[in-house]
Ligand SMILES: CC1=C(/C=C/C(C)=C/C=C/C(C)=C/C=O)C(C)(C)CCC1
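Before any questions on binding or motion, here is one chain by itself as structure tokens, the form predicted on its own.
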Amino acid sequence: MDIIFGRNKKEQLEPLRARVTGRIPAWLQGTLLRNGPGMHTVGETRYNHWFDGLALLHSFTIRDGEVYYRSKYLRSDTYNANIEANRIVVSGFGTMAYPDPCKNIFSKAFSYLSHTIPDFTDNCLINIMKCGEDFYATMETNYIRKINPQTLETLEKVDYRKHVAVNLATSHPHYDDAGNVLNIGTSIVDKGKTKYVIFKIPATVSGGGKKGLSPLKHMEVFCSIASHSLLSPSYYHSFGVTESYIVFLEQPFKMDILKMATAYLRGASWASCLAFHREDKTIHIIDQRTRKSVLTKFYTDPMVVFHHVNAYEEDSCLLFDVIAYEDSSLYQLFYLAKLNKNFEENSRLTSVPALKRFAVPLHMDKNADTGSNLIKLSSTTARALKEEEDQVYCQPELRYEGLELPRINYAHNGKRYRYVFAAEVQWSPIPSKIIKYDILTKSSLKWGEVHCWPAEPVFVPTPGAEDEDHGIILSAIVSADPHKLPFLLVLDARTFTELAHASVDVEMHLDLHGLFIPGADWDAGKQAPSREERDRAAERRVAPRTW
């Protein structure tokens, strides 16, 4: 597994033309921009956890049936400091590092106060966020980094704390039809309170064309939710929205703030300050019109959710789908020592991710009997059982076991939808399939190839499409076979048949998340040669090159 998880990857700074097999639809023009860890050792030092690896951006630009690939490390402050020192000097969540390798307990203690609430890394390796006309590499700290989507150049560093009081924020924001961004972050012990802050970033800022009117400078707090515990807020990776509501799971995977405050002194990682508490499992439903939580108290069985799939309203009920785990063991699996040794054995000790549907009533029937099911929908077997004191126990419907990294046709986000596109994960050493799951029929279509590990599938709709699945699925495929080149996969989203794949002779890294930018300008930043340049090059070519 070291070929996938542990080996540092080289940058591909100049656009590299891929070898396309099959035919890419003529309408598919744009750039698939992706993010994930690509460097796990610096000098003689090594990160402990895969999620700590230095961010490596890469892109596939598609135009006129051709594909060009490039990759570049995010030049974060973290990257620059590590490379300059030729060792890891900035801590990640699973790796505690010290600027001075000779630092002793007394100098650690001297730095203790400055680490009470840690100044986290800006190694933004998880996702790409669109904000107005700009794009940002993101992770789950208070930092994001602006990037050039054509050249992958790293631009300015943004600290959320200068605009909204949050120490952490998700890498999975939501976008409305106008392009406004909705996200959620955690404010740790701010003015004696710990809370979850939902904030909005406008897509545009009016100002008569004046410079400096960045949407990020016009963030606003939409609402906030008090944490159940001052010193143990919940960890979360995403949240759900409908047209009128926000779904936030205050789950039992929690951060111990006191342990985090002493982690630097103790030489312990921040990941060691996360713990699973089975007694806490709250579902918060926020009404977007009042900006307040509904009064009914909803809860469910203990679980850990990294990815919400979608949510929508139906007949006075709110339905939301998530990928749920029984515990927090997945995070433990991604320590590099476990990934690269006895991976198959270790992976089977983790709980299996399951697509689960929850249903909550938006209007409580106060006359309903205690213990009665408040959900009357025929579309789901999920239940909401009334208990005393306006409390409701939510029992989900199990839809499918063994999938992760879910995506949908985003035009249906917050609305009734039918299809989930995801990576099938049955916890074999090499998960090798992409799945299209039909929520209505509970059937599925799959694509898979031996020795291939597909990344998160991204849906791109056909222009003018009316059907939800009328479009293309794109996925970056990493091969576990060193003799097989990685490639960009192009699937027909309706039939799940392969239309084309574009192979590139590089050591591609396994990424996490990203997005497709339609109609991206190839020539901006010399992303790829123009058609005229390619034609002239072909005329000048005397004989084919042999390799």
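Keep in mind the model is a prediction, meaning the values are calculated, not measured. So that there is no doubt, residue numbering starts at 1 and follows the sequence shown.
Quick note: we don't show the form predicted in complex with the named molecule, though the next part is all about it.
Proximity to the named molecule in the predicted bound form, taken as a non-hydrogen atom within 4.5 angstroms, holds for one residue of Asn413, Thr141, Ser227, Ser187, which is Thr141.
Between the options Met260, Met219, Val420, Ile477, the residue in contact with the named molecule in the predicted bound form by a heavy atom within 4.5 angstroms is Met260. Looking at 88 to 96, 309 to 317, 460 to 468, 68 to 76, the stretch with residues near the named molecule in the predicted bound form, meaning non-hydrogen atoms within 4.5 angstroms, turns out to be 88 to 96. Proximity of Thr121, Leu125 and Tyr235 to the named molecule in the predicted bound form is complete: all three residues have a non-hydrogen atom within 4.5 angstroms. In the predicted bound form, the named molecule lies farther than 4.5 Å from every heavy atom of Ala493. Mapping the unseen interface onto this chain, Tyr331 counts among the residues with a heavy atom inside 4.5 Å of the named molecule in the predicted bound form. For Leu168, a non-hydrogen atom is located within 4.5 Å of the named molecule in the predicted bound form, even though that partner is not displayed.
Taking the partner from the other structure, the named molecule in the predicted bound form has a heavy atom within 4.5 Å of a heavy atom of Leu512.
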